[in-house]
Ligand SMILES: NC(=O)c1ccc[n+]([C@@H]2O[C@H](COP(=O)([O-])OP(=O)(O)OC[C@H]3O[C@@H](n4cnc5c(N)ncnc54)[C@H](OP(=O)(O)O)[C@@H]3O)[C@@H](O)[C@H]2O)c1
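Only one chain is given next, in structure tokens, and it is the form predicted on its own.
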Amino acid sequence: MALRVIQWSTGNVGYHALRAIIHHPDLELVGVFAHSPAKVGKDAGELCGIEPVGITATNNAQELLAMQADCVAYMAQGEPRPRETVNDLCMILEAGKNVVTPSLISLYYPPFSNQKIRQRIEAACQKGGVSLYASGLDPGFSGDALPFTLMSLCERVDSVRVAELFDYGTYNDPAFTGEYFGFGKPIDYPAALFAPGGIKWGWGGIVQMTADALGVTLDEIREAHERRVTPKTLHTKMMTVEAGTVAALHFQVQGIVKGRPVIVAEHYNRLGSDIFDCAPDWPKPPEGLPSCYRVQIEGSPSLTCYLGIKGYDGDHNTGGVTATAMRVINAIPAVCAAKPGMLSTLDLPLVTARHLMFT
């Protein structure tokens, strides 16, 4: 019997999640929540670019939560509104609905999350008798399931380094990603990401999860970053970047053991594929890949893996948001079968694309 799913929000990631739920043979869409008044009353199919399916979007949360449903796929943007997001998640969980979500990256590894928030969400899980799984592509799959799978080939692991080498130029999210990362700003602009603890808050959980998976005790977790400006004005889908403002950045979170960074999660992000000249010394994707994830494991044996990604329209950022949605959508059966509580990738069985090969 198909699992009954409510899709919550239909933005950059939710658009792809909604379409996937409609097409998934093991899932049944039973409701859609829309924040935008312009989307209320519209058919779910119209909201994700396919034929009508007979289910219309609503902004009445209580009406949706009164429905019989196994899971809510919560895709509302969480980082700019963390308090409201936690309130939403607890409301849904207390109503007895499992939740999968990429919305708050600080929840991706519950033992690393804020203690008060974790206790509140855990209490909501227990009250509703359900589970919550938060994940995505990065942080998420590229920094946990992918390196964990590679490490299964190793006799010894000396270090793990995961890097996102991505051009964000075609990602249409200037209000959050652009502003949060400080793209298009002077190099000394106080971007929120680079406030003390900001990078660690977002990616430290992946570093700690990897350490726990390896049975390693970290002495500390450090963060570092640098930014570069473009010598010329760039016109991208994300935004127009004036000459002399930030168009490339590098940040990393380092898990330290005996003074040595043994687990590193890092980003090399640019706006526009034609700006490598503003950071020529930084790593680039291999020829033929406009963007990728790179996993480097030093040990016995040492391993290097490049994960390229491409969406249905040929664009890597479309592929990225689709993969972010599908990482949690494909986990719905495992989450619904799990014991009540907050889950991480370490708590789930292997998540596959079961029944998704359309022949």
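Each residue number is its position in the shown sequence, starting from 1. Just so you know, these numbers come straight off a predicted model, no measurement behind them.
Although it is not shown, the form predicted together with the ligand is what the next lines describe.
Contact check for residue 34: a heavy atom falls within 4.5 Å of the ligand in the predicted bound form. Taking the partner from elsewhere, residue 236 is found to have every heavy atom lying beyond 4.5 Å of the ligand in the predicted bound form.
For the chain shown alone, residue 39 is a contact residue for the ligand in the predicted bound form, at least one non-hydrogen atom being within 4.5 angstroms.
Contact annotation: residue 340 falls outside 4.5 Å of the ligand in the predicted bound form, judged by heavy atom distances.
Residue 102 is the only one of 147, 169, 205, 102 with a heavy atom lying within 4.5 Å of the ligand in the predicted bound form. Residue-level contacts in the predicted bound form: of 94, 79, 122, 179, one residue has a heavy atom within 4.5 Å of the ligand, and it is 79. Residues of just one listed stretch (122-130, 249-257, 135-143, 207-215) have heavy atoms within 4.5 Å of the ligand in the predicted bound form: 135-143.
Although the ligand is not shown here, in the predicted bound form the stretch 11-27 places heavy atoms of 11, 12, 13, 14 within 4.5 Å of it, in sequence order.
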